[in-house]
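A lone chain, given as structure tokens: the form predicted alone.
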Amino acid sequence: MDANKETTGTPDIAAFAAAFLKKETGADGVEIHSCKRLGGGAIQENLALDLTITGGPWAGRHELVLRTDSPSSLAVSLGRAEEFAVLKVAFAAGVKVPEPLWLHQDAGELGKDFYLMRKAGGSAAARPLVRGDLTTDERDALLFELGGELAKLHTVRPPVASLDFLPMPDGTPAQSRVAEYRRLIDAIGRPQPTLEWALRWLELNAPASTETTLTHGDFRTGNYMVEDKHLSAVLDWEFAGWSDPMEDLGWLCARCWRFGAWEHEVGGVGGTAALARGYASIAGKPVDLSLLPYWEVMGIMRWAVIALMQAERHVSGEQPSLELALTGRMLPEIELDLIQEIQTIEKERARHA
């Protein structure tokens, strides 16, 4: 085994993974040809493994991804064992996710959990996608696929025994989110008047929830992969939980995830009509798009809270990182988005009053 070839400075985890795979697959040997760190992953670390398994039922060449903890993580994100369980449920529901294969729950040998999944084809790069040469029909086709994948995920409803670690919302999902974000902002210990004002608006305008389903929690452009102009995989499940299915739709459509393509409401790709058609094709009922503006504001609030927490990881010295520091510097722009979105909703209400 040549675990050092083309590594990213993490030969120990590559060697450990090889030994782990040999045991799990009943192989005679496992050779790691390369171990490369994948881009992104501010919260988790992803390593692409190119390897050959000799002997046993898994004999052959494989391209896998090893997902493990970064040096520091957010308290609100799932652990790797929990994320693996969610991924298995999503895969069983027919959602396009990288097939989850093996989980290592650490007992002190390596110092952290990890799991292995098949490597999906395509790219998750957001800006090339939203600024690319997709035709209107191709954009609509992709949005239709995205809507269908969310609808498949939202067919999973509690209780699910393997997901008993996921807490149920305290009250309606909207009310539960407001309370959660208020606690997280208060824990930072510095006044955030714009965010507190927006939280109060979200509290006063919270819709009554009619259902609670499994939600991705971070379903947005940049967290799904596209290959040959079609959806190939949904990634990054560390924020999954039980919530209102509209929360996923609102997050996908929030202004902060359009990557400069402001005219395209759905993740910088296109309009809501194709997304809603794709969702309805699986759900068997139409999407109530009148609820979308509220959940877009909730999505912007979520991004503001994440930006605050990422910045805190840097300024506290927990994980000094230029990427985390720059994320924190985005807060004024996110606050402006909150103000503008709420003003737009209020003006529209006044116009129809």
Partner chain sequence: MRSLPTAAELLKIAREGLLNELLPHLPKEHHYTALMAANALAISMREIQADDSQHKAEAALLHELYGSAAPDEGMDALAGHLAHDLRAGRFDARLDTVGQLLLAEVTARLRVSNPKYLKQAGLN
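As the structure is a computational prediction, the values presented were derived from the model and not from experiment. Positions refer to the first chain, counted from 1.
Beyond what is shown, the protein has a form predicted in complex with its partner chain; the following relates to that form.
_Is its partner chain in the model of the complex close enough to 91, 141 and 208 that every residue in that trio has a heavy atom within 4.5 angstroms of it?_
Heavy-atom distance to its partner chain in the model of the complex: none of the three under 4.5 Å.
*From the candidate stretches 259-267, 118-126, 97-105, 224-232, select the single one in contact with its partner chain in the model of the complex, where contact means a heavy atom within 4.5 Å.*
Looking at the other structure, the answer is 259-267.
*asked:* Since only the chain is shown here, I'm wondering whether residue 323 would be in contact with its partner chain in the model of the complex (any heavy atom pair within 4.5 Å).
replied: The answer is yes: residue 323 has a heavy atom within 4.5 Å of its partner chain.
*Find out whether any non-hydrogen atom of residue 82 is located within 4.5 angstroms of its partner chain in the model of the complex, and reply yes or no.*
Contact with its partner chain, no.
*Report whether the minimum heavy atom distance between residue 339 and its partner chain in the model of the complex is within 4.5 Å.*
Residue 339 belongs to the contact set for its partner chain.
*residue 152 near its partner chain in the model of the complex, any heavy atom under 4.5 Å?*
Judged by the heavy-atom cut-off of 4.5 Å, residue 152 is well away from its partner chain in the model of the complex.
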